[in-house]
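Taking the form predicted alone, here's one chain by itself in structure tokens.
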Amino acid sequence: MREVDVSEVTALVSRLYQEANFNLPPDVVAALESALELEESLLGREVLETLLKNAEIAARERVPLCQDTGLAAVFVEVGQEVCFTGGPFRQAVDAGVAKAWQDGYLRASVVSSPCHDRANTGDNTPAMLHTELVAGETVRITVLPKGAGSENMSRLAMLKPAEGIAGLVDFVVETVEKAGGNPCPPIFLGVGVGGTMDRAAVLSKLALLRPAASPNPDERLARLELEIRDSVNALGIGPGGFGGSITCLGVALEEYPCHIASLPVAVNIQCNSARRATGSI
């Protein structure tokens, strides 16, 4: 059994969240560069050039890529041979989020009572924590700062099984069409299919952790990802919502077994600032 002091968790979460807010992942930068080569609209190309310049400035000056530094979604794979010491794991994660937002001068964007006074917690806690027990003695943490502009445009539907793949594609495309320019396109789409209502939603977030241009290993799902991407790009929303040929930079779809009478589909939209970072203890 390997012992891990929770102070290491706090330190790693803090570092990852600051790095995620300051540095756009290389695969996302590459996706934007590829979009710049393909975009047909002059205004769309200008938007893409601005986004790439913004990423350079953020990394060089260590300032946030976006003023909305996001809700803290934290995904943790905990090796079953690990024993945490020094305090509760959940508190350690939240302490890391609070430290990142203080040390990195990030914007606090969490309210404690959504239905009533909506008072800001002041440190962006609590985190949206997802944990999974896996084999081994390593703790792997991935952080996803999720801005409200894209999150607000996300949707979930409990489709009828008879609606099938055609209904699934129609729902995803309709979701993006209704969103228009609100989620700051060009966007990434995380699609979760199957499980229960809550499982589909988590799957759609997990899908966004995959590197851009990384197809699903299941060839059938990889083809479906491309079909959705092409259908979304045919909408012509374009970079910044100003029109163009590139609305979606990539689609990642994850599926899970579900009830014979269900076809849950969740669409989690991610803006062009697709921030994430991963580290291990």
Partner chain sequence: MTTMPISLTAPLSLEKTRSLIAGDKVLITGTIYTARDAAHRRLIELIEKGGELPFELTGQIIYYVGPTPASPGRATGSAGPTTSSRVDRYTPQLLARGLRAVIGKGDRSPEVAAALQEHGAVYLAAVGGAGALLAERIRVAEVVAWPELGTEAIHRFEVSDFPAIVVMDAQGGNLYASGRKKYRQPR
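Numbering follows the first chain given and starts at 1. The model shown is predicted, which means the values in this text are computed figures rather than measured ones.
Below, we refer to the form predicted together with its partner chain, which is not included among the displayed structures.
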For this session: Counting only non-hydrogen atoms, choose the one of 81-89, 137-145, 182-190, 156-164 that falls within 4.5 Å of its partner chain in the model of the complex.
Result: 182-190
Exercise. Within a 4.5 Å heavy atom cut-off, is residue 64 in contact with its partner chain in the model of the complex?
Worked result: yes
Exercise. Does the 4.5 Å heavy atom contact test between residue 272 and its partner chain in the model of the complex come out positive?
Worked result: yes
Problem set entry | Contact test in the model of the complex: residue 132 vs its partner chain, heavy atoms, 4.5 Å | no
For this session: Answer for residue 214 alone: is it within 4.5 Å of its partner chain in the model of the complex, judged on heavy atom distances?
Result: no
For this session: Could you check which residue among 35, 28, 47, 253 gets a heavy atom within 4.5 Å of its partner chain in the model of the complex?
Result: 47
For this session: Run the contact test on 53, 58 and 236 with a 4.5 Å heavy atom cut-off to its partner chain in the model of the complex and return yes or no.
Result: yes
Exercise. Can you name the residues of 221-257 that have a heavy atom within 4.5 Å of its partner chain in the model of the complex?
Worked result: 231, 234, 235, 236, 237, 240, 241, 242, 243, 244, 245
